[in-house]
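Below sits a lone chain in C-alpha coordinates, taken as the form predicted on its own.
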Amino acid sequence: MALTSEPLTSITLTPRTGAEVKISREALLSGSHSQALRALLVARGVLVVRDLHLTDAEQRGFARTMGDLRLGTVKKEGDEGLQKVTLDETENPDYARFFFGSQLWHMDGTYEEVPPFATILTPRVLSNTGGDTEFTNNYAAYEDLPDSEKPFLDTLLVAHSMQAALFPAKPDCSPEEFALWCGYPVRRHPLVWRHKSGRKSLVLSTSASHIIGMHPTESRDLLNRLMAHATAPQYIYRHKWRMGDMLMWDNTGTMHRVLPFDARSGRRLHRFTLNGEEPVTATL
(Lines give C-alpha, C1' and ligand atoms only; values in the text may rest on other atoms or scores of the structure.)
Protein backbone atom coordinates (compact mmCIF):
# COMPACT_ATOMS: atom_id res chain seq x y z
CA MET A 1 0.00 0.00 0.00
CA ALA A 2 1.35 3.43 -0.90
CA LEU A 3 2.49 5.70 1.88
CA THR A 4 0.48 8.81 2.61
CA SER A 5 1.53 12.18 4.01
CA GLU A 6 -1.82 12.80 5.68
CA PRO A 7 -1.20 14.50 9.04
CA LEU A 8 -1.85 12.75 12.34
CA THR A 9 -3.97 14.59 14.90
CA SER A 10 -5.28 13.50 18.29
CA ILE A 11 -7.63 14.65 21.03
CA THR A 12 -6.90 14.08 24.73
CA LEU A 13 -9.60 11.89 26.29
CA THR A 14 -8.78 12.51 29.96
CA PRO A 15 -5.97 14.62 31.45
CA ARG A 16 -3.81 11.57 32.32
CA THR A 17 -4.96 8.71 30.08
CA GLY A 18 -6.08 8.13 26.52
CA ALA A 19 -6.17 9.92 23.16
CA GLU A 20 -8.58 9.72 20.23
CA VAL A 21 -6.66 9.66 16.95
CA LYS A 22 -8.08 11.36 13.88
CA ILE A 23 -6.82 9.48 10.85
CA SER A 24 -8.23 7.93 7.70
CA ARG A 25 -8.33 4.19 7.08
CA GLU A 26 -5.81 4.59 4.24
CA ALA A 27 -3.33 6.51 6.34
CA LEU A 28 -3.69 4.14 9.29
CA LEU A 29 -3.17 0.99 7.26
CA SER A 30 -0.28 2.43 5.24
CA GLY A 31 2.05 2.35 8.24
CA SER A 32 3.14 5.93 7.52
CA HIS A 33 2.44 7.00 11.09
CA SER A 34 3.51 3.87 12.97
CA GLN A 35 6.37 5.52 14.85
CA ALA A 36 4.28 8.55 15.77
CA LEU A 37 1.44 6.28 16.89
CA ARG A 38 3.81 4.20 19.03
CA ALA A 39 5.15 7.33 20.71
CA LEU A 40 1.63 8.63 21.36
CA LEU A 41 0.56 5.20 22.65
CA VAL A 42 3.33 5.12 25.25
CA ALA A 43 2.66 8.74 26.21
CA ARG A 44 -1.12 8.34 26.60
CA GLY A 45 -1.50 4.61 27.37
CA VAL A 46 -4.60 4.13 25.17
CA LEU A 47 -5.40 5.17 21.58
CA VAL A 48 -8.89 5.11 20.06
CA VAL A 49 -9.89 5.47 16.40
CA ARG A 50 -13.61 5.62 15.65
CA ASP A 51 -15.66 4.48 12.64
CA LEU A 52 -13.03 2.29 10.98
CA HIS A 53 -14.95 -1.02 10.75
CA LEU A 54 -11.76 -3.00 10.10
CA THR A 55 -11.81 -6.57 8.86
CA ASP A 56 -9.63 -9.13 10.65
CA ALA A 57 -7.13 -8.95 7.79
CA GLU A 58 -6.93 -5.16 8.04
CA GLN A 59 -6.60 -5.25 11.81
CA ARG A 60 -3.82 -7.83 11.50
CA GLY A 61 -2.07 -5.77 8.85
CA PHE A 62 -2.20 -2.65 11.01
CA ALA A 63 -0.82 -4.61 13.98
CA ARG A 64 2.18 -5.65 11.89
CA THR A 65 2.98 -2.01 11.16
CA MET A 66 3.15 -1.39 14.91
CA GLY A 67 5.35 -4.27 16.09
CA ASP A 68 5.94 -8.01 16.19
CA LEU A 69 2.61 -9.81 15.94
CA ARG A 70 2.03 -12.66 18.41
CA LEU A 71 0.77 -15.55 16.29
CA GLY A 72 -0.32 -18.02 18.98
CA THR A 73 -1.79 -21.33 17.85
CA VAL A 74 -3.02 -21.06 14.28
CA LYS A 75 -5.97 -23.44 13.85
CA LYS A 76 -6.98 -22.40 10.36
CA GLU A 77 -5.82 -20.10 7.59
CA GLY A 78 -6.79 -16.50 8.23
CA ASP A 79 -6.69 -16.85 12.02
CA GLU A 80 -3.02 -15.87 12.43
CA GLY A 81 -2.73 -13.85 15.62
CA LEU A 82 -6.48 -13.59 16.18
CA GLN A 83 -7.95 -14.14 19.63
CA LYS A 84 -11.68 -13.85 20.19
CA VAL A 85 -12.42 -12.17 23.50
CA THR A 86 -15.70 -13.67 24.64
CA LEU A 87 -17.30 -15.76 27.35
CA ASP A 88 -18.74 -18.01 24.63
CA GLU A 89 -16.69 -21.22 24.74
CA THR A 90 -17.87 -22.22 21.25
CA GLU A 91 -16.05 -19.16 19.89
CA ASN A 92 -12.91 -19.55 22.00
CA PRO A 93 -12.84 -22.97 23.68
CA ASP A 94 -9.24 -22.63 24.90
CA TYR A 95 -9.50 -19.38 26.86
CA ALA A 96 -13.14 -18.34 27.35
CA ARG A 97 -13.26 -20.13 30.72
CA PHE A 98 -10.61 -17.71 32.05
CA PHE A 99 -12.11 -14.45 30.78
CA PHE A 100 -14.28 -13.86 33.85
CA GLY A 101 -11.05 -12.67 35.48
CA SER A 102 -10.87 -9.77 33.03
CA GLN A 103 -13.46 -7.93 35.15
CA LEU A 104 -10.70 -7.20 37.69
CA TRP A 105 -7.83 -4.76 37.16
CA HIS A 106 -4.93 -6.52 35.44
CA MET A 107 -1.99 -6.43 33.10
CA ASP A 108 -1.72 -9.16 30.49
CA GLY A 109 1.20 -11.56 30.58
CA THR A 110 2.35 -11.13 34.15
CA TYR A 111 3.23 -14.85 34.01
CA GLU A 112 5.82 -14.13 31.30
CA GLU A 113 9.34 -12.75 31.61
CA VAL A 114 8.58 -10.38 28.73
CA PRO A 115 4.91 -9.31 28.86
CA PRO A 116 3.16 -8.26 25.64
CA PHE A 117 3.87 -4.72 24.48
CA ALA A 118 0.42 -3.79 23.20
CA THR A 119 -3.02 -5.06 22.20
CA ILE A 120 -5.33 -3.96 19.39
CA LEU A 121 -9.04 -4.59 19.90
CA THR A 122 -12.15 -4.20 17.73
CA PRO A 123 -15.77 -5.09 18.60
CA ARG A 124 -17.78 -7.66 16.66
CA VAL A 125 -20.76 -8.17 19.03
CA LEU A 126 -21.64 -5.79 21.86
CA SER A 127 -23.89 -6.19 24.88
CA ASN A 128 -26.91 -3.91 25.11
CA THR A 129 -25.89 -3.05 28.68
CA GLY A 130 -22.51 -2.81 30.37
CA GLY A 131 -19.29 -4.04 28.83
CA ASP A 132 -17.35 -0.75 28.86
CA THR A 133 -13.59 -1.17 29.25
CA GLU A 134 -11.56 0.90 31.71
CA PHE A 135 -7.84 1.66 31.59
CA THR A 136 -5.38 3.16 34.04
CA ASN A 137 -2.05 4.87 33.41
CA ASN A 138 0.61 3.15 35.55
CA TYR A 139 3.32 5.59 34.43
CA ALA A 140 1.35 8.53 35.80
CA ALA A 141 0.43 6.63 38.96
CA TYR A 142 4.11 5.98 39.71
CA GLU A 143 5.18 9.51 38.86
CA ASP A 144 2.62 10.97 41.28
CA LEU A 145 3.81 8.93 44.27
CA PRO A 146 5.78 10.80 46.95
CA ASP A 147 9.45 11.07 45.98
CA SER A 148 10.36 9.91 49.48
CA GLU A 149 8.62 6.55 48.87
CA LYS A 150 9.95 5.73 45.41
CA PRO A 151 13.47 4.51 46.36
CA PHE A 152 11.96 1.85 48.65
CA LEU A 153 9.31 0.75 46.14
CA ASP A 154 12.00 0.49 43.45
CA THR A 155 13.67 -2.34 45.41
CA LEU A 156 10.62 -4.61 45.81
CA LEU A 157 9.87 -7.87 43.99
CA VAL A 158 6.30 -9.18 43.63
CA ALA A 159 5.07 -12.73 42.99
CA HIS A 160 2.33 -13.04 40.33
CA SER A 161 0.13 -16.13 40.11
CA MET A 162 -2.97 -17.35 38.29
CA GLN A 163 -4.78 -18.21 41.52
CA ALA A 164 -4.23 -14.68 42.83
CA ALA A 165 -5.68 -13.31 39.60
CA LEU A 166 -8.76 -15.53 39.34
CA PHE A 167 -9.83 -16.47 42.88
CA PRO A 168 -11.07 -12.93 43.73
CA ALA A 169 -13.26 -13.07 40.61
CA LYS A 170 -14.61 -16.55 41.41
CA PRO A 171 -14.32 -17.27 45.15
CA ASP A 172 -16.86 -20.09 44.84
CA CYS A 173 -14.63 -22.01 42.40
CA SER A 174 -14.43 -25.78 42.57
CA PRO A 175 -11.34 -27.54 44.00
CA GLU A 176 -10.60 -28.73 40.46
CA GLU A 177 -10.63 -25.19 39.09
CA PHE A 178 -8.38 -23.93 41.87
CA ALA A 179 -5.97 -26.82 41.26
CA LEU A 180 -5.86 -25.89 37.56
CA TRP A 181 -4.96 -22.30 38.38
CA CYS A 182 -2.25 -23.44 40.79
CA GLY A 183 -0.68 -25.43 37.95
CA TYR A 184 0.42 -22.23 36.22
CA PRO A 185 3.90 -20.88 37.01
CA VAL A 186 4.51 -18.13 39.56
CA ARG A 187 6.53 -15.26 38.10
CA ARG A 188 8.51 -12.68 40.06
CA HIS A 189 8.56 -9.11 38.73
CA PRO A 190 9.86 -5.85 40.16
CA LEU A 191 7.09 -3.70 41.56
CA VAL A 192 8.53 -0.82 39.53
CA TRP A 193 9.45 -1.30 35.88
CA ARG A 194 12.36 0.82 34.65
CA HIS A 195 11.70 0.90 30.92
CA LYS A 196 14.43 1.19 28.30
CA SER A 197 13.16 4.73 27.74
CA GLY A 198 14.22 5.57 31.30
CA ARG A 199 10.66 6.12 32.51
CA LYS A 200 9.19 4.03 35.33
CA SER A 201 5.77 2.48 35.84
CA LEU A 202 4.08 0.39 38.49
CA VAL A 203 3.73 -3.32 37.67
CA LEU A 204 0.34 -3.84 39.29
CA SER A 205 -2.33 -6.44 38.58
CA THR A 206 -4.82 -8.57 40.47
CA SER A 207 -2.32 -11.36 39.76
CA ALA A 208 0.05 -9.77 42.30
CA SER A 209 0.04 -12.33 45.11
CA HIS A 210 2.57 -10.92 47.58
CA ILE A 211 5.77 -8.96 47.95
CA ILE A 212 8.79 -11.20 48.30
CA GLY A 213 10.34 -11.12 51.77
CA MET A 214 7.68 -8.90 53.33
CA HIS A 215 5.31 -9.95 56.10
CA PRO A 216 1.99 -11.01 54.49
CA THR A 217 0.00 -8.36 56.36
CA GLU A 218 2.33 -5.55 55.32
CA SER A 219 2.52 -6.94 51.79
CA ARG A 220 -1.26 -7.01 51.36
CA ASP A 221 -1.68 -3.55 52.86
CA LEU A 222 0.93 -2.07 50.52
CA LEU A 223 -0.42 -3.78 47.38
CA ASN A 224 -3.99 -2.73 48.24
CA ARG A 225 -2.88 0.86 48.85
CA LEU A 226 -0.99 1.05 45.57
CA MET A 227 -3.88 -0.51 43.65
CA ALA A 228 -6.29 2.03 45.15
CA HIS A 229 -3.88 4.83 44.21
CA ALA A 230 -3.35 3.59 40.63
CA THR A 231 -7.09 3.17 40.00
CA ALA A 232 -8.13 6.55 41.37
CA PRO A 233 -10.47 8.46 39.01
CA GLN A 234 -7.77 10.83 37.73
CA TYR A 235 -5.88 7.92 36.12
CA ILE A 236 -8.84 6.15 34.48
CA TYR A 237 -10.16 6.33 30.94
CA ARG A 238 -13.50 4.53 30.44
CA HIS A 239 -14.20 3.44 26.88
CA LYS A 240 -17.82 3.04 25.78
CA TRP A 241 -17.65 0.75 22.75
CA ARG A 242 -19.22 1.53 19.40
CA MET A 243 -19.18 -0.72 16.38
CA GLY A 244 -16.37 0.41 14.08
CA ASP A 245 -13.99 1.28 16.93
CA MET A 246 -10.36 0.29 17.06
CA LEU A 247 -8.67 0.61 20.43
CA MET A 248 -5.00 -0.01 21.22
CA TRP A 249 -3.36 0.02 24.64
CA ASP A 250 0.20 -0.12 25.94
CA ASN A 251 0.11 -3.22 28.14
CA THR A 252 3.49 -2.40 29.70
CA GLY A 253 2.25 0.88 31.19
CA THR A 254 -1.45 0.36 31.88
CA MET A 255 -3.99 -1.88 33.58
CA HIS A 256 -7.45 -2.62 32.22
CA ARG A 257 -10.72 -4.30 33.10
CA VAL A 258 -14.12 -4.85 31.51
CA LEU A 259 -17.19 -3.70 33.41
CA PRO A 260 -19.98 -6.24 34.05
CA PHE A 261 -22.27 -7.17 31.16
CA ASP A 262 -24.89 -9.78 30.34
CA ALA A 263 -22.99 -13.04 29.82
CA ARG A 264 -25.78 -14.20 27.47
CA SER A 265 -25.27 -11.23 25.14
CA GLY A 266 -22.61 -12.93 23.02
CA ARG A 267 -20.29 -9.95 23.48
CA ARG A 268 -17.21 -10.60 21.36
CA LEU A 269 -14.18 -8.51 20.47
CA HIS A 270 -11.34 -9.45 18.14
CA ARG A 271 -7.86 -9.02 19.50
CA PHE A 272 -4.36 -8.94 18.06
CA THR A 273 -1.38 -8.74 20.41
CA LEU A 274 2.14 -7.41 19.88
CA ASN A 275 4.99 -9.33 21.48
CA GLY A 276 6.93 -7.68 24.28
CA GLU A 277 10.15 -5.89 23.50
CA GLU A 278 11.83 -5.72 26.90
CA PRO A 279 11.72 -7.71 30.14
CA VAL A 280 10.41 -6.25 33.36
CA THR A 281 13.66 -4.93 34.77
CA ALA A 282 14.48 -3.99 38.35
CA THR A 283 16.06 -0.62 39.06
CA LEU A 284 18.74 -2.04 41.38
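For every residue, the number given is its place in the sequence shown, counted from 1. All figures in this text were calculated on a predicted structure; none of them were measured in a lab.
Beyond the structure shown, there is the form predicted together with a small molecule, which is absent from this document and is the topic of what follows.
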{"property": "4.5 Å heavy atom contact, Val258 to the small molecule in the predicted bound form", "result": "yes"}
{"property": "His106, heavy atom within 4.5 angstroms of the small molecule in the predicted bound form", "result": "yes"}
{"property": "Partner contact for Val85 in the predicted bound form: the small molecule, 4.5 angstroms, heavy atom", "result": "yes"}
{"property": "Non-hydrogen atom contact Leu269 with the small molecule in the predicted bound form at 4.5 angstroms", "result": "yes"}
{"property": "Stretch in contact, per heavy atom within 4.5 angstroms of the small molecule in the predicted bound form, of 229-237, 211-219, 249-257, 28-36", "result": "249-257"}
{"property": "The single option of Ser127, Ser161, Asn92, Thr133 touching the small molecule in the predicted bound form, heavy atom within 4.5 Å", "result": "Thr133"}
